[in-house]
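Two forms of a single protein chain come next, each set out by itself as structure tokens; they are called structure 1 and structure 2.
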Structure 1
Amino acid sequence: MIKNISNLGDAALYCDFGNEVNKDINTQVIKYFKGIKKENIPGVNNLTPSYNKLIISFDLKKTNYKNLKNLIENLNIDTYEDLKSEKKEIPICCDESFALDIKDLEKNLKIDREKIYENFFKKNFFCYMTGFIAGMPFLGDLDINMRVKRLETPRVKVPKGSVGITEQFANIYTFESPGGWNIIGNTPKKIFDGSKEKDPNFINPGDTVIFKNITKDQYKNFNE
């Protein structure tokens, strides 16, 4: 449930679901997100769900904070459908030419690479949110012994398709972008497809994601 609603500037509602990051809270956020989206509330022009917050942006010409807050507080969320979760498999190649940070990870985690990958590939990840750059999925949760900080100096350019880990999360760079995640491999799969207006994201909040190890040859010959 929403614990508190406040204003973020003059044109957005900041809905706070708590401080922790876990599946239960995030599932609530996504449920509200999908429900409010369906309501098509006049003036609302964007909804941004994240781990434990939902931001509702609106057009100040059409509504205001007070009206919208009142409306959101009186929604009957119980009638909203429960979250549907789809299972997605992502092929990744962990050849050293792609796994830019694997050496440093072995050092920092004090685990050798075989064990790092073993742990990574057996995990069922949960997609908490997508964004920052188009289609980028934030996937959790890594085991406690697999958690590292961001790179101290972020890369100016992380190659497109890079799969990285930081703290309890894994992530895929859907575009070449600056970034500080620890890169362990690369996927040939299109995770964001801007030509599909309806469903541009391959992975959506609430989905379960597993990674599949592929060879460099399979990577080169990969066909969507």
Structure 2
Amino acid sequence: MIKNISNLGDAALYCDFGNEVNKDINTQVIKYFKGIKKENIPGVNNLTPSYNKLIISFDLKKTNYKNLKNLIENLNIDTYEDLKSEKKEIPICCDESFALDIKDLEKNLKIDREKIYENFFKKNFFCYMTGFIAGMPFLGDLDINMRVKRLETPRVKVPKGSVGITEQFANIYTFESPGGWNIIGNTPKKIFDGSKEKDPNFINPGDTVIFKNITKDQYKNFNE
């Protein structure tokens, strides 16, 4: 549940669910995120969920901090069980031309690549949040023996579709961008589609994600 609600500037609420990063807390964040969206509360113009926080931006011409805080505190999120999450399968090619950091991961994790990929592909990942780049999903939780730090020197350009791991998370680069995650493969699947005004993200907070290993030929011939 929400531990504290406070002002964030003149026109936003900061909902604090605690400092831990785990699935149980993040599930509460996502329930409030989806529940508030469903309620279509007058004046609310943006919702930004993270691992354990939720920022609610609002229009001062339509509501205010006190009224909105009262509404949020009295929401019964247990009534939003119908807002089911989805299970998404993402194809990924781990050919060495895509797996930019697999050699370094073998050294840093002290695990051979076959075991790294075995651990990765058997995992059901939970989407904590999307962001940093539009639609980029932050997927947890990697096993303890799979956790590594970010690259000491981030890349200037990480190819679109790159799948990376860092600390307890995996992610997918939805656009070419700078980044410091350890890249283990690439997906031909479009994870973010900006042409869709509604639901441009293929993966949303609360979804479960599994990865499917594909060959380079399957990657080249992939169709949505």
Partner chain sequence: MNKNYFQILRGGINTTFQDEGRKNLYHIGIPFSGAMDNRNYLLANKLVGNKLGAPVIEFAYQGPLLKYFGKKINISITGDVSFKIKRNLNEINGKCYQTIGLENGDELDIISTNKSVYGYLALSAQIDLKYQWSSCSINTKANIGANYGRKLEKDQKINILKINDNLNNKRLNFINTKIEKIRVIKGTNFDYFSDTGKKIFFEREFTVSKLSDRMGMRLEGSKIDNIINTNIKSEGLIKGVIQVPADGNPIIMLSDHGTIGGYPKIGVVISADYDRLVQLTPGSKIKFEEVNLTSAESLFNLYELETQNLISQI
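Given the structure is predicted, the values throughout are model-derived calculations rather than measurements. Throughout, rigid core stands for the largest set of C-alpha atoms superposing within 1.5 Å between the two forms. All residue numbers here follow the sequence of structure 1, with the first residue given the number 1.
**Student:** Any idea which of the pair is the form predicted together with its partner chain?
**Tutor:** It is structure 1; that copy is the form predicted together with its partner chain.
**Student:** Checking Val21 here: with the core superposed, does its CA move 2 Å or more between the two structures?
**Tutor:** Val21 C-alpha, core-superposed: shift of less than 2 Å.
**Student:** State yes or no: after fitting on the rigid core, is the Cα displacement of Pro42 between the two structures at least 2 Å?
**Tutor:** The answer is yes, as the C-alpha of Pro42 shifts between the two structures by 2 Å or more after core alignment.
**Student:** Answer yes if the CA of Gln218 moves 2 Å or more between the two structures after aligning the rigid core, and no otherwise.
**Tutor:** No, shifts by less than 2 Å.
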